Structures are given as structure tokens and as C-alpha cells.
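As C-alpha cells, one chain now follows by itself in the form predicted on its own.
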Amino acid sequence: MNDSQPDNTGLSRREFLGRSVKAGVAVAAAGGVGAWLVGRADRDVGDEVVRLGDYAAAGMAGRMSIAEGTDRATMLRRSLDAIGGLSAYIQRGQRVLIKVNAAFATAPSQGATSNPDLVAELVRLCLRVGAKDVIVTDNPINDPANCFRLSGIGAAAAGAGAKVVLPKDSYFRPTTVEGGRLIRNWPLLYEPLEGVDRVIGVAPVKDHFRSGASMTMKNWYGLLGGRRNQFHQQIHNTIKELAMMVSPTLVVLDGVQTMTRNGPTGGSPADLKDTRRLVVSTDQVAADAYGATQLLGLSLDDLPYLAKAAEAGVGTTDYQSLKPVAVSVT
């Protein structure tokens, strides 16, 4: 989801950085996050290969809710209540990581990044059920400080009580996806994930010129470092392996507005369609299958990574088999 995009704000880099400092968004690890993220040659990330754990909550597999409305915060609360309540997924004292899509230095109105109000509400809810810490992170290809600032995610998450962690060189460790062919000994943004008990992905529904669509599974792309643009040559197998790499507690798919064309960056209100849906699920494949077919108007065959992930045992493309709970927010 974190594809490169030129700065479209009309500001120079120096002006951007100056305004970032003045904005005073409370973020951690803001230093050392510049050009090494973009197209750097393979780097020495050490000898220890790390793998992510299974962050699923016991006994909560196969849950899904679909809310209709426009108020994201209320839709999120109602959707979580419909599948057992957030306290069924996060126990008191646990540490939670929220993986957002902060890929681009664009305003929330463009729909290219996770909605800041939605992220803030999720942070508040996690803390309300007793989470010890809530970490919000992503590894944008555009300058991370600007992406978190202009998307509104940094200020919203920090204001709700989260620790916003921006990537820097020392935060990466090599990872290999078990059973994968592509993601092998590859830099993973591991520091914010270390010691975390629960992982939640929050992603918008978007058209994507390479993969066909960008949703919850492709959102994990933002955990990779290095020259990750080479994965675009085998994008569907890459997304399958990303889904194999992360077994999340929940995914939140934001289709209140859907970017139906010119994705993943968009840039015009005409690129967005009011689709009035928010999906919360323990099954990332099912969530994306719903987003593809019901919000983007695609078929399952249009997105080969869905079937590939299902065949790998990540989830199901038959979202209806989960008997999703319908929620209406007026």
C-alpha cells in the first residue's frame, strides 16, 4: 500500500520539514527516517531472523461484521460489539499494535490513507478495555514524518493516547515467511512489534494500478523495508505472503468511501465513491473478498491474491460463510 508518490502539496522539502517541527505531533523515533527507506540497496540487517507470532484471540476465529453508515467511530463501536466486543480480543494489560496505512503525504479527504478519526477511536477503545500500551506505526515510502502529519494520523493517534512510532534504521530485523518464496531474509519493521500481544490492521478500500485493489492484506506491505518495490513484479504472490506473515487479531476495512479509480493515491473527489460500509473481521481474506466484490465491483478472479491466500490457509474468500453480522448506523 505504500507506493511512491511525488509530493503534491506544492511545498519544498525544507518547508515540509519546517512545518512538521512546528506542528509538534507527538511521535516516537522521528529521527533518522529519511532517504534510506527509498530504494536503498540490500542492507545488512543482522544475522537473527525473526518471525511474527499468531496474534489471534483464542476462540474468536471466523468473526465478521459489516456496518452501514457514515460515522466511522460509531460504526466501529457497533461493529466490535456485534462480534463479541473488543474485550473478547484484548485483555487487560496486553500491548496492542495498530498497523495503519500512512503511505502518502496527503489529506484525509483524499482517502489514500487510514482515516484519522477511525484510528483515534480504535486507540481509545483499546485503552478503554485495559490495553497497557497502544502503538501506531507504518513505514511509508514518502517521508514518514510528513505522511503521519498530513494524513492526520499522527496527531489523532497521539491525542487519543497512542505511541506513534516512525521507522528508523535500527528498528528493522530480517524475517523469512515460513513456506514463502519471496519474503526471505527481508528487513521487517520489528522494533514496534517486539513484545506486542495483539495486532490490528486498519486500511481503506482502494483501487490499485498494480494489484487491482489495496485493502487489509496489502496493508502489511508497510511493515517491510529495503527495496520492496521489486515485489511489485510478483504482486499477487507477495500479498499472499504478506497475509501469511501476519496473523492479526482483527482487521478493519474502511469502505465508508471507496477509491474506485486512480489508486492507490487518487487525488480528486471524483475518485471516491460513497459506499457507506465498515468491515471488522478476524479473517483478512474474507474482509478483502467483501471489499473487492461489494465495494469495488470486482470479481474474485480479478484479484488472484485472494484465492492464493485462501489456498495457503490464511482465510476464506467465501465471506458469507462467516455469517457476517449486519449493523446499521443512522
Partner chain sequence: MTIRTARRVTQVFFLVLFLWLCVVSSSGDGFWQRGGWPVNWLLQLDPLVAVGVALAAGTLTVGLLWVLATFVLTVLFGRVFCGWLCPFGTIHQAVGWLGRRRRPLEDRIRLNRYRRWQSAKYYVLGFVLAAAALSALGGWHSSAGSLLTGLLDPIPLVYRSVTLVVLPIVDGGLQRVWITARLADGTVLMGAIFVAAVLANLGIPRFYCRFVCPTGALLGVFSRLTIWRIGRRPEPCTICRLCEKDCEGACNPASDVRSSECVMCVNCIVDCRHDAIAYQVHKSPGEITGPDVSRRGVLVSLVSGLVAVPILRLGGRLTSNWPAGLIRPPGALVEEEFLNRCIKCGQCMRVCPTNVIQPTGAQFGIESLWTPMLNNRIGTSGCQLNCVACGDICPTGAIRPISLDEKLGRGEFADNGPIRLGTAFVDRGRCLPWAMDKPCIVCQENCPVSPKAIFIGEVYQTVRDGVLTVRESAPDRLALAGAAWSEGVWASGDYYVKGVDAPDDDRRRIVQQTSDILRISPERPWSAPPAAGSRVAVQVRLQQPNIDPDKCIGCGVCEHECPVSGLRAIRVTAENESRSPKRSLLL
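On a predicted model such as this, the values are computed, not experimentally measured, just so you know. Numbering follows the first chain given and starts at 1.
Beyond what is shown, the protein has a form predicted in complex with its partner chain; the following relates to that form.
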Quiz item: For residue 311, is any heavy atom within 4.5 Å of its partner chain in the predicted bound form, or not?
Solution: yes
Quiz item: Does its partner chain get within 4.5 angstroms of any non-hydrogen atom of residue 267 in the predicted bound form?
Solution: yes
Exercise. Indicate whether residue 293 is a 4.5 Å heavy atom neighbour of its partner chain in the predicted bound form.
Key: no
Practice problem: Would you check, heavy atoms only and a 4.5 Å threshold, whether residue 230 touches its partner chain in the predicted bound form? | Solution: yes
Practice problem: With its partner chain left out of view, choose which of 131, 158, 83, 141 has a non-hydrogen atom within 4.5 angstroms of it in the predicted bound form. | Solution: 141
Quiz item: Taking its partner chain in the predicted bound form as the reference, which of 173, 149, 77, 198 has a non-hydrogen atom within 4.5 Å?
Solution: 149
Quiz item: Within 4.5 Å of its partner chain in the predicted bound form: all of 169, 236 and 301, by heavy atom?
Solution: yes
Self-check item: Candidate stretches 236-244, 93-101, 111-119, 183-191, one within 4.5 Å of its partner chain in the predicted bound form by heavy atom
Solution: 236-244
Quiz item: Can you tell me which residues in 106-120 come within 4.5 angstroms of its partner chain in the predicted bound form, by heavy atoms?
Solution: 106
